[in-house]
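Here's a solo chain for you in structure tokens, the form predicted alone.
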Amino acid sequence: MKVPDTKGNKINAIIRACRIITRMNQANPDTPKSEALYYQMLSSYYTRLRNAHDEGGFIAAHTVFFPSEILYAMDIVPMHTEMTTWMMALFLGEQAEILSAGAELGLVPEICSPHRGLAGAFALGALPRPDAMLWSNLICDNTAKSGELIMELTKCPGFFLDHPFQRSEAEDKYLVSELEDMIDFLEEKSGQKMDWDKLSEIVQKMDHQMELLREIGELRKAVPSPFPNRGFLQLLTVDYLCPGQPEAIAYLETLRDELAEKVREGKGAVSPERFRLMTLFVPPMYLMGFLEKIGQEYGAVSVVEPLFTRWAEGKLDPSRPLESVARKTAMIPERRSMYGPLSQEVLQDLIDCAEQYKVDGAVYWAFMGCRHTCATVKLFKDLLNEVDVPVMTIDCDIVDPTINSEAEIREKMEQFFEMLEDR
């Protein structure tokens, strides 16, 4: 099936949504400055993508957890595939159209919906045609196969980055060699050379970015916790779309300072704070507004997401930029919990989070299209029950709202809150 040649109308719609939210925030004097910076960052990312071909740019589409720091250093325009599908679900509510198009390609419901929707979006010509497709086996089989499909749909060249399953000196060297081969591929296809000084600067900023994320994590331990439920997606967006970029640093520094001020003043994201929750896996994109609302209604706030926002300790070395890019992949929260053997260190970190963040209960969003995460439901539930943290499991889909209605999820969450109240 050939992809229609369009102007990427879904990208225009995402940009319009960001600008509308920005205008609404500007009209509200109580809107935090970090909120404005976040939507500016998002709008700038997709505006650059929309204008890339008109301005002679080279677009590299890439799957999740791909080292887009390299793309920025080469002045190549990145397009994060899964996150773009999430944004279409979050801002546009047009999941049915792209999922239906994915089904016409033969993608069954058991396949991860962001990838089904992504394939459908490309089949409809709703996204810009990439000049190259980059993908890897990090995190899952869906990701590994999605890149091949998009390359076939768009008739563009591609490069598969093979991530070692475990870590050792030999495997670290292998990953660096894979990155070197990818850079050679991109230089050949784009005609643009790697700027090693720029990559070193990005690595330095990325190191600072990870430290800011750790500082924000520490501030969220405060009682009451100052970070709103909607912030979860924003923290993911920063690394997924803009790793080591100035706009990401500006957002995180502003957010850290705002949270620090709230902690000093004893102000929480919800008032009064009644339930401190641990979030396991990613809530449905189309329910982000609902989760913020029900959190305010019941005084419930997610204080930690150990599988997604809790970065491993360690430093990056700007003098060895490619080795640092490889090292960063081992520090990503999702890599530690979803790729490779599930170590005792990861399990202990879950217990530590429950204790350090004074967690009352945990919500496990069991994304039915993700075999990795659903495989750990019982393990994590039994583990947390040992430290007297009840876990509620909600079957759901990140993009597809037909799995569970908002009313059904509300009923289940209300029952969970009642149970926590009675403890």
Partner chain sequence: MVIDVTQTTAGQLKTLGRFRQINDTFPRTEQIREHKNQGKKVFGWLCTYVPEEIIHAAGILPVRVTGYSQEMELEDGNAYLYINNCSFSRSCLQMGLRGEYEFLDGMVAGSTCDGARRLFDLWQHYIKTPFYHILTVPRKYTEKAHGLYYQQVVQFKEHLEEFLSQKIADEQLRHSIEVYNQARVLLKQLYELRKADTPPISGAETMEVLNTSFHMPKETFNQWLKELLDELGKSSNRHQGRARLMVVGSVMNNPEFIKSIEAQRGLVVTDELCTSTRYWSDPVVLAEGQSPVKAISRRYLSNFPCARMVPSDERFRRILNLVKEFKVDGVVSQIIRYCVPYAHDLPLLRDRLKDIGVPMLALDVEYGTSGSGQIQTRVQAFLEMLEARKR
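Residue numbers count along the first chain shown, from 1. Just so it is clear, the structure is predicted and the values come from calculations on it, not from any experiment.
The form predicted together with its partner chain exists for this protein as well; it is not shown, and the discussion that follows is about that form.
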Does residue 200 reach its partner chain in the predicted complex if we count a contact as any heavy atom within 4.5 Å? no
With the partner left out of view, is residue 229 within 4.5 angstroms of its partner chain in the predicted complex by any non-hydrogen atom? no
Do residue 46 and its partner chain come within 4.5 Å of each other in the predicted complex, heavy atoms counted? no
Going by a heavy atom distance of 4.5 Å, is residue 164 a contact of its partner chain in the predicted complex? yes
Of 272, 246, 266, 341, which residue is found within 4.5 angstroms of its partner chain in the predicted complex when only non-hydrogen atoms are counted? 341
Interface residue in the predicted complex among 122, 281, 135, 86, criterion: non-hydrogen atom within 4.5 angstroms of its partner chain: 135
Is it true that 106, 178 and 181 each have at least one non-hydrogen atom within 4.5 Å of its partner chain in the predicted complex? yes
Partner absent here, but in the predicted complex, which of 64-72, 363-371, 47-55, 25-33 has residues with a heavy atom within 4.5 Å of its partner chain? 363-371
What residues, if any, in 148-162 have a non-hydrogen atom within 4.5 angstroms of its partner chain in the predicted complex? 148, 149, 152, 159, 160, 162
